[in-house]
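Take a look at this single chain in structure tokens; it is the form predicted on its own.
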């Protein structure tokens, strides 16, 4: 009979030290944050940072309005500092900051070395105001252990557009992506802008118009060198679809993405303006169909698609779809799914269905310091999930080393993304 293998020891790793090994590896592995709303410092005021920006983040704005009868218009008439004062008082002083968004602010303050026993908001303001932005960006990247972040770059935003047409020098840690929501979802608004920029388009999608849209996309790919293109789509998204949205996607975006060998990131499930009075905080979530994504992968096998859904109910189906199409990469726990309990569930499910061939998280950060808490909280979950999976392997008799764990974590936090970006089907 073959000798029975030990199930509690695997090449120096034991059940008792497994979590410590994983924690060390995850903590020390540099991260590529594949989707943020941050900007490089050379974009000036478009880069949001500091305590008032953290407190007026739209997650906290929505939570604040659950605690007050203040009219929406009265709140929006206040200065950002005054809004931050109200949110701090209602969510951090009168109540414990136990929600994920509130806890995130506390994690940021703690990681930056500030006294979280203080309830004096002005002390935090003074600290942030005393910081050199360049040094502060370096500190934030170091605390989050970020190697690079991918920005969200909108060619239809007039302020951002002016920066791209200037001679600014871009921090190489900030990579670009080409966001196309206006083009694909607001065609009527796009037409006069494209015309003003010298593109011969008209409201009807004629062959000349489609050709000019492709020229516009090609010009911007060459100008900003995006890592991928991206669109945020409602839960009603269908494909194929004989609509302006469907035609522009199929005849303009996909051919240009294929030509330049860059993925299209599909972010599906947002219901815009469920409560318009909340402004940016007023968007909701809807359950989408995964079948349109499968059709895209099937009909365009040479295109690469990154996909994240906003509804928890879609994530299982998307995992199954990724098992069928190698040109499909699931990524992150987006927006309302970026909560530890859901991150844990989604990451465990993805590991069970896809092994280590997905991108477990992105920060979606809009304020610089948010990357500190979003990655700190994600790492806590990832360590626990990986511990359980490796423990299962250990009990099944598989022997593995710390170097093999390191290889897996490298793939999850950086390498899977870069391999997918570089592959050409």
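Numbering follows the first chain given and starts at 1. Worth saying up front: this structure is predicted, and the values here are computed from it rather than measured.
One more form of this protein exists, namely the form predicted together with D-arabinohydroxamic acid (HDL); it is left out here, but the text below deals with it.
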> Of 393-401, 378-386, 56-64, 352-360, which is the one stretch near D-arabinohydroxamic acid (HDL) in the predicted bound form, taking non-hydrogen atoms within 4.5 angstroms as near?
Replying inline: 56-64
> Which pick from 228, 305, 334, 124 sits with a heavy atom within 4.5 Å of D-arabinohydroxamic acid (HDL) in the predicted bound form?
Replying inline: 334
>> Under a 4.5 angstroms heavy atom criterion, identify the one residue in 143, 267, 343, 297 near D-arabinohydroxamic acid (HDL) in the predicted bound form.
In response: 267
> Looking in the predicted bound form, any heavy atom of residue 272 within 4.5 Å of D-arabinohydroxamic acid (HDL)?
Replying inline: yes
>> Against D-arabinohydroxamic acid (HDL) in the predicted bound form, would residue 153 count as a contact residue? Criterion: heavy atoms within 4.5 Å.
In response: no
> Taking the shortest heavy atom distance, is residue 314 within 4.5 Å of D-arabinohydroxamic acid (HDL) in the predicted bound form?
Replying inline: no
>> Check residue 190 for me: does it contact D-arabinohydroxamic acid (HDL) in the predicted bound form (non-hydrogen atoms, 4.5 angstroms)?
In response: no
> What residues of 28-42, in sequence order, lie within 4.5 Å of D-arabinohydroxamic acid (HDL) in the predicted bound form by heavy atom?
Replying inline: 35, 37
